[in-house]
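Shown here is one chain on its own, the form predicted on its own, set out as structure tokens.
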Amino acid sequence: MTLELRNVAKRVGAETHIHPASLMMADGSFNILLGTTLAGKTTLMQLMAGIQKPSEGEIWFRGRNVTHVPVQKRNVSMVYQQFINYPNLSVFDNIASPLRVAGMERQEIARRVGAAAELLRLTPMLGRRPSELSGGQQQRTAIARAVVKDSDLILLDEPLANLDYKLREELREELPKLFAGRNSVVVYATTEPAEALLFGGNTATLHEGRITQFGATPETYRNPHDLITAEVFSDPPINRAAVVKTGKTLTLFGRVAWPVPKPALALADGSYTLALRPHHVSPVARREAGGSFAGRVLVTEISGSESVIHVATPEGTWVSQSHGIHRFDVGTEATLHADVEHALFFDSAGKRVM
């Protein structure tokens, strides 16, 4: 039993907001929509919910075509980045509202609300109104309302984006547990690759209204099918450069020679785009590192025990992300070392070749 999008597209006038997309999400699965702002995540979720109608294609849920079924007749919950609660109702009544609409008995309502409040640490606030809560407590109330309803489809549109760091980290750990064991399809939208990796499940990468790849989150991260997917699933941004392979040598930046990594030796000689994630570029030479280059330091960021260094190269800015404290003065030249064995190679059309 699944939620299935069959060549679903959304156009508004001459603009295409969602290009034809096909997805299949199983009951009990946790699915992530990963993409930058305006990539199409919210529109896609609203199509899934029935809030918007597709311009073409069909949406099937548990073997039934629900393309033209209005949202009011679907068992769907949606939580937005901007939390929405009823200001004149208590926290208890906010959480209980969908259960009362469904005509559930009072004792069962109390049981479900109590369990959801316990999970989200809202029990002491059940008698308060939203205006008496912090922003984090209000968002937890909105999430609790989605949890308590026991919906068939639960859509979470960047629900943690406006919360403080500590609460965001706590809820990131809790959310998958909240939905574990349910027979619901859960869809979570985020702009943050690290958040997708933390949640696991399945990830669909979106770029300008197109789904570029969908699959198990670790697999999508490690094996992007194309350069766009690799860029969407990298923060800091993935480093890239045009390279020429000649025998066992890679030439990049027009003058820097690197050894060809073993997996790429089978590639035909010619031009490619090389991409390397920032944590495979370090100011310290590693035993397995296969190449180095120099660049002018643009920005340095030291956070705890991690250093991020941005340097200018002939191919644009490259970023190094490494453990340890590495200090460089802006404007000076830094030599960085690349673990070439982890490089990804793409052809002129941006398709992954190695």
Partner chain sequence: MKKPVNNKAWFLVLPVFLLVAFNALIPLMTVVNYSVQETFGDNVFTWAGVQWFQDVLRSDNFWNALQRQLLFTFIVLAIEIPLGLGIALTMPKQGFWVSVCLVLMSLPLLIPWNVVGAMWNIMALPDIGLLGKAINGLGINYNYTRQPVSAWFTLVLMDVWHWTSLVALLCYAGLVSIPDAYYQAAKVDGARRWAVFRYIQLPKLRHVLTIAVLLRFMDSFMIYTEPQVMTGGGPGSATTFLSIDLVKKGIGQFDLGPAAAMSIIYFLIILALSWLFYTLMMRHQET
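Numbering follows the first chain given and starts at 1. Since the model is a prediction, treat every value here as computed from it, not as a measurement.
One more form of this protein, predicted together with its partner chain, exists but is not displayed; see below.
- Proximity to its partner chain in the predicted bound form, taken as heavy atoms within 4.5 Å, picks out 75 to 83 from the listed stretches 181 to 189, 237 to 245, 166 to 174, 75 to 83.
- Contact check for residue 51: a heavy atom falls within 4.5 Å of its partner chain in the predicted bound form.
- Residue contact check for residue 208: none of its heavy atoms lie within 4.5 Å of its partner chain in the predicted bound form.
- For residue 46, a non-hydrogen atom is located within 4.5 Å of its partner chain in the predicted bound form, even though that partner is not displayed.
- Though the partner is left out of this view, residue 98 does reach within 4.5 Å of its partner chain in the predicted bound form, counting heavy atoms only.
- Although its partner chain is omitted here, in the predicted bound form all of 87, 145 and 149 have a heavy atom within 4.5 Å of it.
- Distance criterion of 4.5 Å from any heavy atom to its partner chain in the predicted bound form singles out 71 from the list 198, 265, 257, 71.
- Within 4.5 angstroms of its partner chain in the predicted bound form, the stretch 122 to 147 places a non-hydrogen atom from each of 129, 131, 132, 145, taken in sequence order.
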